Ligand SMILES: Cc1cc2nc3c(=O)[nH]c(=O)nc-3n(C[C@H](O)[C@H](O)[C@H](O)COP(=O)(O)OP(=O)(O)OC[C@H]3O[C@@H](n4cnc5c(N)ncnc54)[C@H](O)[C@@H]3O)c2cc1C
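So this first bit is one chain, no partners, the form predicted alone, shown in structure tokens.
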């Protein structure tokens, strides 16, 4: 890499690839900095037994960068081509009404359509119906299920960026890159070793390199500094053992992905290098409503490992109890080698609710489950399905640096986005049932209520002024001429569909505006624009009836209530399990601990049927010496009601409440109520006493740094009784039924613990 360029592009995905291509075509000297590796034909990792062998970014700069960021788990790619290396190839246009909310002036579907057409030309998109191998069984099944559910008018075949030439036949694409035709191997989302995916490195980046762009891989940008009339970009060269480097440019285009681009700018501002960045930096994060689920034991084989990862979709759009829900529900697929691991999700005791209450514990359980199950073939996998939904979440998250530790965090309000997640789950259950199978949820969601997003958006929003976002409508950062953000970070809202097509189209629009300004040429256009033809997006044929699509057969009625508990804690108490001693010492020192939580059970039927009996906990926790007087927010807590206590006459209520202390460190309030007959029929004491440990870290194996007991006091309990509400329906009969079913479970559990053991045999 040279010491200076006209323009530096950071990242090489749907934003960076577009930017590099057009800047090079416009005659600028361009340097591309990509943190990941270059993947030629057949180099993607395939060692199923060793996750460290090329799979994970954290172990040797591998392909997948998985970030557990408190209330959201983020999945990203690292490699030349960015997210295009592992995405599911889908290219759908955001519905027109998306642009009516939060987007800056000048944006509409009509205004963006020419740029969508240009992206479609560059990536040669086409539906699965063009594949010479025909429609895979899973695609045919989804079409049949849509008809069975009365949703045929909302079924579509999305356009895919896949080479549907002769299967496995090598050829050169129109840009001169070598590719092969799709073989239906089902490996799109782990890197296509045939190069049958039209990934960004095979088109946009190929054109960029042919026009003189210099592409450097395994270099991770750490900081951007404004200087004079340009910028200095500092990076770490992983290929040279972590050596530091820097490069200067008049123009810098940040395209590292929503989370990484936002983090880079946050760190540059914190270091005083870009001090004028908007206060809105980090706000407006969206997980794009991503929701993952599975179906097992379908009536007929679906063969999820045949075909591209995603080939079809069903649109859902209606008002559910006053909440507008809009999303697309797509079938998925996976490599046959992981079929056995996914079958393990059917095992009820694979994931224990008491043991798995944090990300790291979940990760350990998955690793244990993978042993002996991954790499081989499982015949049952043919009767399994994968589902991925994407919808219009509230885009109300925040990406931030912890003010004390500097660690990256995502604040995500799970509770306010539950109506969307529940609608996605309900439709998933309908589809699984129509297939003759049974729905299984992503275990991270089922156990911990943590969503997984592979389509992260926001953090550097486009806006009409710095008060509303970080960049102007063209992606140029407010206060910094020549500094741009051109990736998913600037999208002001969820797209409601797979967002890659919109990210690339917005990048085409904005890089055109940037080049016109740089070159002082108001008529500059991408050379390929003359060849691009109008493309009809499959969603334009979707019919949404007056009043919305049909309601799901699966109902979703839940219960919410607010609970307050108060007590005492002692810091550094040993032994940590001497709760009474810690309580007494805390009381003597007036060292208090309390919380107020709103606990939501979004789907009562699923709650009652599962062994985990899990709910979402949100609120505020106060712990003496750990939080400020105002307390610390809990946004992704987990509550488990009456899980097994190891014996027929013993139950536990579990609380796992992650929070950030006033010292900026991660802590976990890890508590349990020991519900059993201690000899005096103390039902009240058992259900109102929470034995609590404060752990430093977000893991139930993290060291205990404080111990205590908190209790429900009678006045707080009386208030709690008034907070019980039924959500998801306004029907008084349905509400009464929900209360009755919840009460039957609650008091039935108490009967099993306190009464049945004393009845005559």
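Treat the numbers as computed from the prediction; the structure is a model and nothing was measured. Positions refer to the first chain, counted from 1.
Omitted from view is the form predicted together with the named molecule, to which the following refers.
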Which residue among 75, 166, 544, 584 has a heavy atom within 4.5 angstroms of the named molecule in the predicted bound form? 75
Just one of 90, 122, 447, 477 has a heavy atom within 4.5 angstroms of the named molecule in the predicted bound form, so which one? 90
Whether 392, 602 and 616 all lie within 4.5 angstroms of the named molecule in the predicted bound form by heavy atom: no
When the named molecule is placed as it is in the predicted bound form, which of 662-670, 499-507, 100-108, 431-439 ends up with heavy atoms within 4.5 Å of it? 499-507
Taking heavy atoms only, is residue 220 within 4.5 angstroms of the named molecule in the predicted bound form? yes
Does residue 255 reach the named molecule in the predicted bound form if we count a contact as any heavy atom within 4.5 Å? yes
Contact label in the predicted bound form: residue 211 to the named molecule, heavy atom within 4.5 Å: no
Residue 286: touches the named molecule in the predicted bound form, heavy atom cutoff 4.5 angstroms: no
Which residues, if any, of 444-466 lie within 4.5 Å of the named molecule in the predicted bound form when only heavy atoms count? 454, 455
